[in-house]
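Read the single chain below, which is given as structure tokens and is the form predicted alone.
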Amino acid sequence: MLSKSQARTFFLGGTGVFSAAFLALTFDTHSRIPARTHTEAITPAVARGKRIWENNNCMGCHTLFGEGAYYAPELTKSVERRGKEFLRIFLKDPEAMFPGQRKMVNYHFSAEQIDDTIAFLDWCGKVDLNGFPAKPPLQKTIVPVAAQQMVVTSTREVPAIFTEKTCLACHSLLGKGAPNMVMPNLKGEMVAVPSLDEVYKRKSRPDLVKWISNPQAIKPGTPMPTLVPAVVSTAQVEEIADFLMSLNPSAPPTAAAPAANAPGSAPPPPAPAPAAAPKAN
């Protein structure tokens, strides 16, 4: 048994030791915040985006850094997961690519507000959160082998249209994009997003054009967004289909036609004059 003076000493000593440890850990935590949050990257656009996030109560549906509601997707890594172009199109009109499906309110943001919101989300995704959010633990078990990222040996470059029109926000192509992406369909079932490297084995060119133009008409409930006309034109659909079919090793090579009157190019040679018809005797 401790005497009163010993108990008092033990209490005061223990309180002092733990208070000092608490203050030291608090100081260490605060000293690490600038490096972990990249405070130097907080631009005026990021600050404006944060105010947009707060003023529109985005946390009432979404979570950010694990805080908020769980009605809508977690957005901490949204820029890394989807890309800025996808988010720009989506924020402009949430139902443009998913007509009749998305429940997100259209806030009719201006182009500047959209850029500020994306800048804020981009900053959020680069904060060091010790691995949060974690990768879905069941992702590898859900994705079938045929839909997993394939090792493709190719010297070809992925055309810019696949990045600019958000195709690589969900699909993978020639080692770029989102490998092993899993998305929910309208029934809430998790569906694997296939790689585009060998799509020519599964679909013909006319089938590809029909699928890209209106996927819901072919497979209702698919998570594939409706890209036409919100994202791509009918001419760009043809361009996408042409490139995907050209990945077939047995496809005949197609030479691109030179642009007419391109700057610095020599004018085409004149066509030969038709041979004169022989005179009748």
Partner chain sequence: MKFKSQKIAYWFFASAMLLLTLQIVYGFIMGFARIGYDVLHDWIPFNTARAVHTNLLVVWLLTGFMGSAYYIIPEESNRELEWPKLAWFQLISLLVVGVIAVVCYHLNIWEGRKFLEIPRPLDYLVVINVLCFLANIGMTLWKGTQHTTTAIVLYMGLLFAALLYLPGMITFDNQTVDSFYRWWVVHLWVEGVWELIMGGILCFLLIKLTGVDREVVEKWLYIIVGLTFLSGILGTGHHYYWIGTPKYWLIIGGIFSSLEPLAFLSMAVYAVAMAKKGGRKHPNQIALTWSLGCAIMSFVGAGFLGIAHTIPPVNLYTHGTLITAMHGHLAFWGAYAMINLAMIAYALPQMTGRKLWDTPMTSWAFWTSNIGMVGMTGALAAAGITQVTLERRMGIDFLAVQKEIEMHFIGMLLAAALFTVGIVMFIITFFRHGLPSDEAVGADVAGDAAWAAAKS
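Given the structure is predicted, the values throughout are model-derived calculations rather than measurements. We call the rigid core whatever largest set of C-alpha positions still superposes within 1.5 Å between the two forms. Numbering follows the first chain given and starts at 1.
The discussion below concerns the form predicted in complex with the partner chain, not included here.
*Asks:* Residue 55: heavy atom within 4.5 Å of the partner chain in the predicted bound form?
*Replies:* Yes.
*Asks:* Though only this chain appears here, would residue 131 touch the partner chain in the predicted bound form if you measure heavy atom gaps against 4.5 Å?
*Replies:* Answer yes; at least one heavy atom of residue 131 falls within 4.5 Å of the partner chain in the predicted bound form.
*Asks:* Just checking whether residue 200 would be counted as a contact of the partner chain in the predicted bound form - the rule being heavy atoms within 4.5 angstroms.
*Replies:* Contact with the partner chain, no.
*Asks:* Using the partner position in the predicted bound form, report whether residue 32 sits within 4.5 Å of the partner chain, counting heavy atoms only.
*Replies:* Although the partner chain is absent here, residue 32 would touch it in the predicted bound form, with heavy atoms inside 4.5 Å.
*Asks:* Answer with one of 95, 80, 207, 164: the residue that has a non-hydrogen atom within 4.5 Å of the partner chain in the predicted bound form.
*Replies:* Contact residue from the list: 95.
*Asks:* Considering 222, 234, 246, 39, which brings a non-hydrogen atom within 4.5 Å of the partner chain in the predicted bound form?
*Replies:* So the residue touching the partner chain in the predicted bound form, by this definition, is 39.
*Asks:* Among 207-215, 156-164, 111-119, 95-103, mark the stretch whose residues have heavy atoms within 4.5 Å of the partner chain in the predicted bound form.
*Replies:* Among the candidates, contact is made by 95-103.
*Asks:* Are there residues in 15-52 with a heavy atom within 4.5 Å of the partner chain in the predicted bound form, and which are they, in order?
*Replies:* Sequence-ordered list: 15, 18, 19, 21, 22, 23, 25, 26, 28, 29, 30, 32, 33, 36, 37, 39, 42, 47, 50, 51.
*Asks:* Taking 2 Å as the cut-off, check whether the CA of residue 98 shifts that much or more between the shown form and the other one after a rigid core fit.
*Replies:* After core superposition, the displacement of the residue 98 C-alpha between the shown form and the other one reaches the 2 Å mark, so yes.
*Asks:* On a core-based superposition, does residue 228 travel 2 Å or more at its Cα between the shown form and the other one?
*Replies:* It does not, since the residue 228 C-alpha is displaced less than 2 Å between the shown form and the other one after the core fit.
*Asks:* Given a core-based superposition, decide whether the C-alpha of residue 218 shifts by 2 Å or more between the shown form and the other one.
*Replies:* Stays below the 2 Å threshold, so no.
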